[in-house]
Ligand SMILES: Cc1cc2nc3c(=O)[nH]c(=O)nc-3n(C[C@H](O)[C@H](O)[C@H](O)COP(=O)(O)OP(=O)(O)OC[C@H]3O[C@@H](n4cnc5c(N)ncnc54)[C@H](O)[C@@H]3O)c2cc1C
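Given next, in structure tokens, is a single chain: the form predicted on its own.
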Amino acid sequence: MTDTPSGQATDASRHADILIIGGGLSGAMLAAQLLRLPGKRQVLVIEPRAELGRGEAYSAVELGHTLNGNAARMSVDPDNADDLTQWLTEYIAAGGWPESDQQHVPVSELFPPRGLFGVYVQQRLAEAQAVGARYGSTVEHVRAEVVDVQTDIDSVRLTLNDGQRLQGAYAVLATGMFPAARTPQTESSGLNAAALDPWDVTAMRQLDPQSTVLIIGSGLTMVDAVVSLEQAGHRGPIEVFSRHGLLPHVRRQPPVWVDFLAEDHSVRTPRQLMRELRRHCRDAIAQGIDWQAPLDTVRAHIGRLWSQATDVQRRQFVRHVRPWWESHHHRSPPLSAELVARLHGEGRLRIQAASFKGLEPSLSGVSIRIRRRGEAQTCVVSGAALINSSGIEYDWRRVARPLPQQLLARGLVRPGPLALGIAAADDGAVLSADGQAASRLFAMGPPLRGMWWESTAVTDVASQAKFLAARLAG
């Protein structure tokens, strides 16, 4: 793959057919789908990282940071649900990932390390490049950050942080996720400046192994942070604070359950969904079947249910149901869940329902002010270190990065429903501030969270990439 490093002298304005802004999973999968389609086209992927296909999620280097879905659920091929299972089978047979035998399950039920999943994505992209070469299509990695976008009737123009300018017939916002722990905020509490990165095992090794570590947030990022601390040799107390005090459930492999939403189209609102889902879960438990079985059938229908719900219904779901939905649906990989459960059982890890109210001055370590649920008064808690595990920042208005801020300022995009990501038409064309669908600027993946609710999983991204590639090529 041709790679243009940041700062390399180039023409004043380079041209391509399609410009992909972001080279993580979303950008890499879109590029792969475009390369596989007949026709000659030039694709530029603008991504500041050294490698395509990894992004935030799959740049992890520790084996303990695994996918939260097993191989059978994580295929990047929307036409072959077994693609990752088949790739892993060959990879392990060739001597790769020898630690896989520690999970004692079939390959389809393995939870691969995220870094290894990045290798899989990169290999599928390389195979797509070989297909594209036969059509005369190319993809090039431009290693830089897009800081501005402008559109006109027949093209899109990008400005990069190194001064380069790119022009294309179409551009796609494949920016991926903005982890709260790594994303500058427009209204910063100073939290990230004071906190350790949840995935930085090297920094955690500098802590006193017996010291107290404070964690804000109790979702999957917290699980990763606990794994990081364990791998760094930390053996002291871990205090976790989250608004509802809920932990992710462990992901199991339940038997197939009837797809009740496919059979009953009268279920249309979040309230109806929760009522029917509870009923089926009770039926499953009564039959000795894991409650995760009926829950897993809902996944395929979330986009439809969310898109047809009213704003009032969506707001009710986010306010009253979301914490429980995410703790039950976004589940933890078994090995990580076992670690969290063990530390919790030993009393080393405590989960408290409390809201973070800000940092407090501290002569050593770090102090935070919290308000425990049910209490009117706040209190101060201290530790040797703090980790921000509050998840993903979906509100682009709060992301203090040049591209989201410029897109909003120019009116090229507007916030999505409930300020989740950005608004777009059904085909991915972004909606401007005045509600007009763009003819040249599209989005896919996590930026469309507000449109489909679940727009971050591998299978979601893979399906969107296939659909959008066909739209752009057509």
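Remember, it's a predicted structure, so these values are computed and weren't measured experimentally. Start at 1 with the first residue shown and count on from there.
The form predicted together with the named molecule is left out here; the points below concern that form.
Undergrad: Taking the named molecule as it sits in the predicted bound form, is residue 114 near enough to touch it, meaning that at least one heavy atom pair lies within 4.5 angstroms?
TA: Output for residue 114 is yes: heavy atoms within 4.5 Å of the named molecule.
Undergrad: With a cut-off of 4.5 Å between heavy atoms, is residue 68 one of the residues that contacts the named molecule in the predicted bound form?
TA: Residue 68 belongs to the contact set for the named molecule.
Undergrad: Quick one: is residue 465 in contact with the named molecule in the predicted bound form, heavy atoms, 4.5 Å cut-off?
TA: Because no heavy atom of residue 465 falls inside 4.5 Å of the named molecule in the predicted bound form, the answer is no.
Undergrad: Might residue 144 be said to contact the named molecule in the predicted bound form, defining contact as any heavy atom within 4.5 Å?
TA: Judged by the heavy-atom cut-off of 4.5 Å, residue 144 is in contact with the named molecule in the predicted bound form.
Undergrad: 177, 340, 201, 76: which sits within 4.5 Å of the named molecule in the predicted bound form by any heavy atom?
TA: The residue from 177, 340, 201, 76 that makes the contact is 177.
Undergrad: Would you kindly say which of 128, 293, 223, 403 lies with a heavy atom within 4.5 Å of the named molecule in the predicted bound form?
TA: Selected residue: 403.
Undergrad: Sort through 435-443, 31-39, 45-53, 417-425 and report the only stretch with a non-hydrogen atom within 4.5 Å of the named molecule in the predicted bound form.
TA: Looking at the other structure, the answer is 45-53.
Undergrad: Give a yes or no on whether each residue among 25, 458 and 461 has a heavy atom within 4.5 Å of the named molecule in the predicted bound form.
TA: Yes, because 25, 458 and 461 each have a heavy atom that approaches the named molecule to within 4.5 Å in the predicted bound form.
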